[in-house]
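We begin with a single chain expressed as structure tokens, specifically the form predicted alone.
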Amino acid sequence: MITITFSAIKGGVGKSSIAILLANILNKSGLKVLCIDADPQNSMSFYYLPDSRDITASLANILNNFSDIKENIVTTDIGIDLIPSSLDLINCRNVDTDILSKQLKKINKIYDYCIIDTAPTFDNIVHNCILSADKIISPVQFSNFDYKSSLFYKNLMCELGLESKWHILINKCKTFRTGTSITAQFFDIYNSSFSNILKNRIPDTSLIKHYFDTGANITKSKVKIYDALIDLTSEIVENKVEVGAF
């Protein structure tokens, strides 16, 4: 099982959306996928389990050592398995940082990929998630705050010895034609500061919001966003991914 953790200090960068899209594409390609929602805001849980009032499974149960990981996995309607979030995660911010990695070893042979969404912070919950990861991906947009947050995160990764696993993903990338545009200037700044930027970027489009608002599939007819997401997924998993729609 390959574990991919989406983590960023800054909120609103598209972390949850991209994690869900990646999981959906991998699932549609025939791979066995487990998602873990480590964000108390529950974005991933609400997406996969819109009516989750009676579900007691939670990542908090695992981190608090209340129950085994296998007892906290829920199968969603589309076949993706999920360990949901809950407000109880708020009480897990000081847990040991190796709990999740130990628990994931128990199910390592069951899944092809584990996709983890984290909160925009850096507490011991997030620490658990990044220490469990084979790859750590931080979505960013072109703003001074995003850039400074990325520098801060880079230092964290270096301190933890995880810089080789960490990658920056540029989200909502506007098309630029000259070297004097704001987008082009930010692109140059990022390239001069980071060597770990993913080659594929997500364009600035309203189709992703439409995807989540309506539940409509993204098909090959939406060429720009379809190709961008398929190429990005292929780059992240280091293998060509092919699906008709997701």
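Remember, it's a predicted structure, so these values are computed and weren't measured experimentally. Sequential numbering from 1, following the sequence displayed.
Omitted here: the form predicted in complex with a small molecule. The next part is about that form.
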Handout entry: Proximity of T233 to the small molecule in the predicted bound form, heavy atoms at 4.5 Å
Key = no
Practice task
Please check if L22 has a heavy atom lying within 4.5 Å of any heavy atom of the small molecule in the predicted bound form.
Solution key: no
Exercise for the section: Look up in the predicted bound form whether K165 has a non-hydrogen atom within 4.5 angstroms of the small molecule, and give yes or no. Expected result: no
Practice task
Determine whether any heavy atom of T205 comes within 4.5 Å of a heavy atom of the small molecule in the predicted bound form, and answer yes or no.
Solution key: yes
Completion exercise
Partner-free chain; cross-checking the small molecule in the predicted bound form, the single residue of K199, K70, K209, K220 with a heavy atom within 4.5 Å is K209
Practice task
Decide if the three candidate residues T3, S132 and I136 all line the small molecule in the predicted bound form, where lining means a heavy atom within 4.5 Å.
Solution key: no
